[in-house]
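Here you get one chain, nothing else, as structure tokens; it is the form predicted alone.
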Amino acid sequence: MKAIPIPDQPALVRRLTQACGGAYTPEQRRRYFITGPQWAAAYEGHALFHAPTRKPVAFEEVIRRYGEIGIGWWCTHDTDVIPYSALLGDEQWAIVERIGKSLAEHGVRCSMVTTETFHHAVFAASPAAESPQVREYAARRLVNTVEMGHKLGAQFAVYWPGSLGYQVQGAVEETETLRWYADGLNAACEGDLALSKKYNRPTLKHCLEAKPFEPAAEILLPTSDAMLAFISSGLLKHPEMVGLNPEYLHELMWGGAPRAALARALVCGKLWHFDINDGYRLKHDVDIAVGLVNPLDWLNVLVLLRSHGYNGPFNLDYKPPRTTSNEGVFEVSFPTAVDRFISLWEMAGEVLEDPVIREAASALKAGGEVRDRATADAIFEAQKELLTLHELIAHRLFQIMIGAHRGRSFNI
């Protein structure tokens, strides 16, 4: 093949994207509670060891392109869209008004807001630092973001305490730091109670997002289980207002099973928001788009969520690869990420209706006929053939994922 002239490359990408097929229409995509973050679409490809590979993208462009793709919801950190110099003053509200107009113009709604409490140098020792001035500023920022959420019509606020921890031993007293962090969340919730009356809206759902490592070397709330313990610790004045925003990869990073973490949140009634992406166990936070690494695990995750009636947001918290162009972010990366999610979600519905899986699961729950219920050997003998159905169910899941249940096969 000859070298491709630069002007011809976008058309080639579009043609091959269309050749893939399997795309949903914008109208079909809008049926799902899929949310697109400002930070994901505006990610410039930079990282600790990587220079940017893309140009900056303003919120107007992100919202417009989400509307065209069919992503019906948008979310943001406060400082993704508001410069630090404008925070906590009149200028920020002028920017919020512009955001609201852009959302309305393109048929997109704001689902969630979150406060950046990790990037600026003021948070070098976390938003729950020893300094009362830092903690007071953090609390003001949290309440300020809640008000932005109310002005934009958001339903959720998310908190990622990635810098809540330490780099060197003995740097913090952990119980004190956790109490100070709770003080910030208490300020956010109490501010929300007042603001909800002011704006005549329901309070937001305040969701904690765990991450096992980075940026702090040792993180105080590294997993969703740690977050659940924190919510029920007695440190929060309004624990009923606080739930979880698990992230798929964050649970996978430490070697855990995302589905099991979600199940524990479900039984506690605290699974309110879900960040969706993909990646690898026991590695860093690569934030790959959903379904590109662990599609079978993702199918299992969505079977769990569908079977329990989860109706919260699915937030596309991933980074388009550094090798993807600015145009490719909106022409390829986000549309295909949404379409893979929808395909997996609909496959999960097929799993729940599949007669083979239903009969196998029912047989396992019925158990075998036991003559002597007081004897372990007799109980095992009555079940041992049924237990083979575990592997059969796994095989059937694979068949559904590749379409073999509909007769698809490969000639050899």
Ligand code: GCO
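Sequential numbering from 1, following the sequence displayed. Everything numeric here is computed off the predicted structure, so don't read it as measured data.
The next section is about a form of this same protein that is not shown, the form predicted together with this ligand.
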Distance check, D339 to this ligand in the predicted bound form, heavy atom within 4.5 Å:
no
Should E247 be counted as a contact of this ligand in the predicted bound form, where contact means heavy atoms within 4.5 Å?
yes
Does this ligand get within 4.5 angstroms of any non-hydrogen atom of S224 in the predicted bound form?
no
So, I71 and this ligand: in the predicted bound form, are they within 4.5 Å at any heavy atom pair?
no
Under a 4.5 angstroms heavy atom criterion, identify the one residue in H150, H77, R141, K270 near this ligand in the predicted bound form.
H77
Ok, Y310, F118, W254, Y280: which has a heavy atom sitting within 4.5 Å of this ligand in the predicted bound form?
F118
Counting only non-hydrogen atoms, the one stretch of 321-329, 208-216, 229-237, 289-297 within 4.5 angstroms of this ligand in the predicted bound form is 208-216
Considering only 27-50, what residues come within 4.5 Å of this ligand in the predicted bound form, judged by heavy atoms?
W39
